[in-house]
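Below sits a lone chain in structure tokens, taken as the form predicted on its own.
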């Protein structure tokens, strides 16, 4: 039935010019032709399509036969595959590009990851041929095509291990390779356009030179493509170094993207250093942040500084300090996210930017730049709340590396800022430990420090040697800070002689006793009494109650969430641990008091 209908409409249309085909002719040809292919009559359809008398009709209506052809071509096992492939190839050669583009893009849409890669592999080459046949509509059509392709690529799982990339488990590598081949002729054309424009601008009068500054639409679409791929998949995958994976399709894809940017006239240094270098105004419909998305530029910076892609394009005149200032915006963006891969890349970029600097080379005036304060705040979040232990550990390493790069005054001001803003006992304890190290360096023979001795040091010590809430301070919550503060005070009392008083500790000691040591003594006594009473009550309850009732002696809440009940044994163990902590704090405090007493006595 469908074959008869197709034959009838073909015979009728053979006698008509192409502009006389009616809407009914289109409908009958489409429905009957698709039905024939679906029913297995591909050979008959191929005969009709190849008939010289039907070429006008195929040119106008043939693209409607694409939907039933694509599933057959993707399966590769259908007995009608040769005929369907021949029909498909003839349609690509014969049909009008505008309709073909629409038809092919409609067939590009897939949901199954396994089918997506096959679909892209099948359709990208025909799409390339169609686009190359378009005239003035080529740039916009290319942009639409690339957007659809990248939407499909975004549905593919990402390889997380070296083995997954090697075996291309999710077919992402194959898609990236196909995509590189697809855009190559358009990149070559954009490169040639750029060269032609430059040559032309050298030969014309300056009054008309402004016309050559109009942005090239093809280059604009390729720029959007590059920016989108930098964000996904390149920002989200972990590239392997050549030593780890000699042949890396993803690394090759990243290299091609950077080369594409250069081919269309984009300066990679200007893109990476965009936060500090004011770019020239480029006429066009894209606003700056749309044209150059911040996340894409951060990904570009990571590729350049961490993986050293296109590093040879960067002038050597840029100092490591200037490079750090520029990359801080990118680092801030990456570390402010919650996704592991963004945090990891932020840490890698910060570390690579820091290792190029000499220790003590960053001046204090850099702390007036907002990012030099907000990046450490984000690092603190990584160090304290990131679920992954390896990222927390690396965050601490990078944090210390950043401290080491500051000069003495910058360290001093940085410590002040972090003590004020970190709001985390562990971080505050770490800062106090760094302060102790800087004081120790200043007190070494032959060394001298304006900032970690005498007048400047005392205001910093006052911020350190104090209990946040006086005697009522939760000693367990602030344990790290308190212990490091005590260690610092003990060090000062031992290291700095009364007669020299380089740090000023001996003239300040009476204030420290009132603001820190005495309140701490009271706090220890209060906390110990409270926990000893809890210990007594728990042990008494254990004796009186039956074993069954023991299992729910204590319940603990964190915020509004009630945690599982603790057994009596667990509660007693926790109370013992707390009492041991108070003893540890007190032992250091007693030692300091003894040292002070010895030095006070002649």
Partner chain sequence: MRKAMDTRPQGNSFGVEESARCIVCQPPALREQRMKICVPREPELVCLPVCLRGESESEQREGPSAEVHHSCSVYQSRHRGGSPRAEHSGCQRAAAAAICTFLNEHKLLGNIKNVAKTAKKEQLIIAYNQLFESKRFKGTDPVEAVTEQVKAVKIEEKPKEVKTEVVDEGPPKYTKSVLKKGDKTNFPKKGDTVSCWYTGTLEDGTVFDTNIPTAARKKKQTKPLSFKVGMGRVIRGWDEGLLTMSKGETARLEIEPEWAYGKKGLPDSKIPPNAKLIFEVELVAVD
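Positions refer to the first chain, counted from 1. For clarity, every value in this text was computed on a predicted model and none was experimentally measured.
Note that the form predicted together with the partner chain isn't included here; everything after this is about it.
Stretch-level contact analysis of 146-154, 249-257, 408-416, 221-229 against the partner chain in the predicted complex, using heavy atoms and a 4.5 Å limit, identifies 408-416. Using a 4.5 Å cutoff between non-hydrogen atoms, residue 242 does not count as a contact of the partner chain in the predicted complex. Proximity of residue 294 to the partner chain in the predicted complex falls outside the 4.5 Å heavy atom cutoff. Taking the partner from elsewhere, residue 113 is found to have every heavy atom lying beyond 4.5 Å of the partner chain in the predicted complex.
Taking non-hydrogen atoms only, residue 319 approaches the partner chain to within 4.5 angstroms in the predicted complex. Shown here without its partner, the chain carries 191, 357 and 450, all of which come within 4.5 Å of the partner chain in the predicted complex through at least one heavy atom.
195 is the sole member of 441, 494, 195, 369 with a non-hydrogen atom within 4.5 Å of the partner chain in the predicted complex. A single residue from the set 389, 420, 76, 530 has any heavy atom within 4.5 angstroms of the partner chain in the predicted complex; that residue is 420. Of all the residues from 458-485, those having a non-hydrogen atom no more than 4.5 Å from the partner chain in the predicted complex are 459, 463.
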